[in-house]
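Okay, so here's just one chain, in structure tokens, the form predicted on its own.
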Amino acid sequence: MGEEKRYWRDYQKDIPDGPFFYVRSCIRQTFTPGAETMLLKILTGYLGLDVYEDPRHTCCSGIGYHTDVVPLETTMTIIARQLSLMQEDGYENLLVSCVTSFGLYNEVLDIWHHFPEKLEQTRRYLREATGRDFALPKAVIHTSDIVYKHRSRLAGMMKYRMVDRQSGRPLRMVDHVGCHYAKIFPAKGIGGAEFPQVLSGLAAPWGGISVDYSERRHCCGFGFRQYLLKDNRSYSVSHSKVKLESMAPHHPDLILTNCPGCCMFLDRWQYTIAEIEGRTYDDAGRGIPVLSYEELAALLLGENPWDIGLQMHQVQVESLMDKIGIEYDASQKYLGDRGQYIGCPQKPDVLLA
């Protein structure tokens, strides 16, 4: 008999402690601009990690690439330039905030591995365009990997727990792991596509429970062409609806995501479905709050919810904060960074604020 195959090893991931060269997410800054600022505060402030961001880095071109606007060769050259900045700054570990970027960096590295002539072509293009050269990264890490790795450390710093303060029951969390994190290259994510743990593994240390549901691995509905082409948006809504209908019987207190696009669609399509069909997916008519992993971590650490940027969500988050007992000033929700009133969005007809 040969050595027994231990399949679980295929689902593990070695997550370094740094130092990290950090690349931002374009859509995260657009949809929930406070989340990425809070993420950096968690990584560098609470966890004390070495995270460096070069102001010269650019978009990875992921959305343009996946919608056939940006050619593959251009995308590879853009990514090569990011890596050249990392090399110049003396870093080897690439830390990626966006799930689409995470999938794209891994895809390009995989192409270069299997087709070395494309790597040499990219080196030539980069030299011709910028005079630069680059080294391949030692590791490509998604920021949710870091929060997962340090989940217990963060739990020890948290002011609040995922517990209903009135009843003492653990809050019920359903997760949605981004397709570009877990499905393109399953071995690059924690738990792979079949047993994703990067979000569900946060629940217990932080006081809650993770609830499985039948459409857990279904796409959120973004799908790029499903949404970016206006005539296709019904496909996007219908995919989110499939997921929400699968979650509803489990009465979750929140949805947790690790992709900025997924977070936006599961949040905002709840508003759309409420306006179209007059339906919400909770018992109180307020919708199921949707948070990213860093937004939830920041809330439990005691950060101001409006500094986190939760006023940008279309499904209110106050119901979740009230369950946990998080202190907040409702009068500050729509104040700008200088204390000025920035205006309150029009209230929807069905989804309660």
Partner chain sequence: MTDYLKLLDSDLRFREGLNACMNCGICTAICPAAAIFDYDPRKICLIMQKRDNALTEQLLASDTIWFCGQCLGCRTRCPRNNTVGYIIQSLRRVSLETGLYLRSDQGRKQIDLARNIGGNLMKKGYCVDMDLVVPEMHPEQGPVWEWVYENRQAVCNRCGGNYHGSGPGAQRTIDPQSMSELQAILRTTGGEAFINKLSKGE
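Positions refer to the first chain, counted from 1. Because the structure is predicted, anything quoted here is derived from the model rather than measured.
Beyond the structure shown, there is the form predicted together with its partner chain, which is absent from this document and is the topic of what follows.
K.L.:
Mark residue 283 yes when one of its heavy atoms lies within 4.5 Å of a heavy atom of its partner chain in the predicted complex, and no otherwise.
P.N.:
Judged by the heavy-atom cut-off of 4.5 Å, residue 283 is well away from its partner chain in the predicted complex.
K.L.:
Taking heavy atoms and a 4.5 Å cut-off, does residue 51 contact its partner chain in the predicted complex?
P.N.:
The answer is no: residue 51 has no heavy atom within 4.5 Å of its partner chain.
K.L.:
Is there a non-hydrogen atom of residue 166 within 4.5 angstroms of a non-hydrogen atom of its partner chain in the predicted complex?
P.N.:
Contact with its partner chain, no.
K.L.:
Residue-level question: is residue 202 within 4.5 Å of its partner chain in the predicted complex, judged on heavy atoms?
P.N.:
Because no heavy atom of residue 202 falls inside 4.5 Å of its partner chain in the predicted complex, the answer is no.
K.L.:
Where does its partner chain sit in the predicted complex: which of 136 to 144, 193 to 201, 89 to 97, 169 to 177, heavy atoms within 4.5 Å?
P.N.:
Selected range: 193 to 201.
K.L.:
Pick from 266, 83, 254, 126: which has a non-hydrogen atom within 4.5 Å of its partner chain in the predicted complex?
P.N.:
After the contact test, the surviving option is 126.
K.L.:
Considering 47, 312, 301, 321, which brings a non-hydrogen atom within 4.5 Å of its partner chain in the predicted complex?
P.N.:
Flagged contact: 312.
K.L.:
Any chance 37, 185 and 224 all have a heavy atom within 4.5 Å of its partner chain in the predicted complex?
P.N.:
So, yes: the whole triplet contacts its partner chain.
K.L.:
With the partner left out here, which residues of 109 to 125 have a non-hydrogen atom within 4.5 Å of its partner chain in the predicted complex?
P.N.:
Those in contact are 111, 115, 118, 125.
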